[in-house]
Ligand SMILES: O=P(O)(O)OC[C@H]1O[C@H](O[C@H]2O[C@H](CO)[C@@H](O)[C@H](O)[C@H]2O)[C@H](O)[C@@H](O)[C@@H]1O
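In the block that follows, a single chain appears as structure tokens, in the form predicted alone.
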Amino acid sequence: MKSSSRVSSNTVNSMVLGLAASSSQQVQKSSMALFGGLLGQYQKRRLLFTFEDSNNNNNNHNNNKVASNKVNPWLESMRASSPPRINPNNNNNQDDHNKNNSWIVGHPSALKMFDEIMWKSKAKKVVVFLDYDGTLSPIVADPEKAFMTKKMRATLKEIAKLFPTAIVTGRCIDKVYEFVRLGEVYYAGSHGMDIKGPTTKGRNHHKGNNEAVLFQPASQFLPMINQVYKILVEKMKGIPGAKVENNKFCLSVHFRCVEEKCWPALAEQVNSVLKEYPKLKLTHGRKVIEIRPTIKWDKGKAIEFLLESLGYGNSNSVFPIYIGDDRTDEDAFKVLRSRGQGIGILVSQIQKETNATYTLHDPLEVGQFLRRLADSKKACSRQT
């Protein structure tokens, strides 16, 4: 009779395993109250210890899950914004080529459709907006060596004489000016958070006042940006190939030279820093993570500001052309679509979801398009 007042070891084993699997501590407490009288002292201790281990494991799992939930979407965005290039000699990519050809039909070449573009812009004032990396210069492993060719610089100089021309980039103005070295163009650096007008006296493109543009909507964030830059530089020292670039009003964490197996570690390090700065946000570009202020300002806002500054804010006779290759350029493409004015041209050899109307393959084709644009303008001027 005495042994029947106690539960067998086998019964305890199955009961412990079943109850410990519960994520509810309330269920575990109720179970102790219900079965406590049936258990021996050793069995009670065993059940309590099992509950404690289970709760600790659940807490660790939940903490890891929270951290993972933050990092995993970043990894997905990193991969989505950095798709692999298509190898045209690989027969396994035939389906990809078919899909790409179908996409091109909806986003035709700006070179092939050049006459149509000129027809749309007829009797309107063309304003040219250009991204830098991947548009005027090729994408390179070292962002410090993203030089444009002499031919592209000569073409850009000619375009700036004929049309109001702005470079809208994630780079800081000082860095992109080192690459471009032209005083005839407008510069909108840090994704449009640092805007300056031409420094060279020449043809006046303004409809309104003649004052040079100077606009910095995120100046109060400079101390914070510099602080985060120093922290990220230290964090990235442990990730081979990672590079942090200070673009004045935003930061760029380049992972083009980072092996993909190290991307989770990089994302985790950036997350660990960014969670301490809620006034900063993260966006993704091609093999780069961008960190910038949470203010409502982007490349789209920048081109609206520039059009307003040029006197075309409410004009129906303006025809903006924006050429860019990056996700961040989509903000500009969206603005042009919403205005129902001008065109967006995406620079890409692969299909992407985009608000652009036309495409160009690479900076080489961008140069060809710009030269045709300049030649067309000069031909029209001679006729008049």
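In this text the structure is predicted, and so the values were computed from the model without any measurement. The first residue of the sequence shown is number 1, and the count goes up from there.
Keep in mind that the form predicted in complex with the ligand is missing from the display, and what follows is about it.
Although the partner is absent here, Y132 is a contact residue: one of its heavy atoms lies within 4.5 angstroms of the ligand in the model of the complex.
At least one heavy atom of S252 is located within 4.5 Å of the ligand in the model of the complex.
Of the heavy atoms in K248, none are within 4.5 Å of the ligand in the model of the complex. The ligand is not drawn, but in the model of the complex it has no heavy atom within 4.5 Å of P217.
Taking I231, C262, L282, A141 one by one, only a single residue has any non-hydrogen atom within 4.5 Å of the ligand in the model of the complex, and it is A141. Looking at 115-123, 132-140, 266-274, 157-165, the stretch with residues near the ligand in the model of the complex, meaning non-hydrogen atoms within 4.5 angstroms, turns out to be 132-140. Taking a 4.5 Å heavy atom cutoff to the ligand in the model of the complex, the one contacting residue in 173-191 is H191.
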